[in-house]
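In structure tokens, the next block holds one chain alone, the form predicted on its own.
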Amino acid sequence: MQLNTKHFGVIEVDEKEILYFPSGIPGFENVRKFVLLGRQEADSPFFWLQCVDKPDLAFVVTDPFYIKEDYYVDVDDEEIAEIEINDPENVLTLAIVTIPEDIRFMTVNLKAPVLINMKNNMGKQVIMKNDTFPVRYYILTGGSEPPR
């Protein structure tokens, strides 16, 4: 199918690659279908979670384990029951990146990872209850403090 996007124009995507978020993404509960773009690019740690229904809605995402080696996800089973995760090996974990005009202040949200069950293409952003990981983790400094 053809997908109209703000950043890439009209692109061709396989309908089998559409990810369904039953509850949407917090703040964007009315949109539920997304595709991952650029994940196959081996030379970049960043790729896109592009909304299927709203061409202008896309999130830059990354692998949080690449950003912080000791990262882990701690959520209750009830929180992820909606996306039917039975085996953690089938879960793709992503983190949403915020890129301001001055990219030195680029942050990644480690507190609310996006979990995708790769077996059924269902996804959900979960907010971890503990305060181990911040909402704004500065990628370039590797912590909660912004660069100077």
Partner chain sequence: MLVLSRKKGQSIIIGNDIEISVIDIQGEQVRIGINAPRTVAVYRKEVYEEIINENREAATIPVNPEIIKGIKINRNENQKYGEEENKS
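In this text, all values refer to a predicted model and were calculated from it rather than measured experimentally. Numbering follows the first chain given and starts at 1.
Below, we refer to the form predicted together with its partner chain, which is not included among the displayed structures.
- Contact annotation for the candidate site: 58, 79 and 125 all lie close to its partner chain in the predicted bound form (heavy atom within 4.5 Å).
- Within 4.5 Å of any heavy atom of its partner chain in the predicted bound form lies no heavy atom of residue 88.
- Using a 4.5 angstroms limit between non-hydrogen atoms, residue 29 touches its partner chain in the predicted bound form.
- Within this chain, residue 84 is remote from the site of its partner chain in the predicted bound form, having no heavy atom within 4.5 Å.
- Taking non-hydrogen atoms only, residue 19 never approaches its partner chain to within 4.5 angstroms in the predicted bound form.
- Scanning 88 to 107 for heavy atoms within 4.5 Å of its partner chain in the predicted bound form gives 96, 97, 98, 99, 100, 101, 103, 106, 107 in sequence order.
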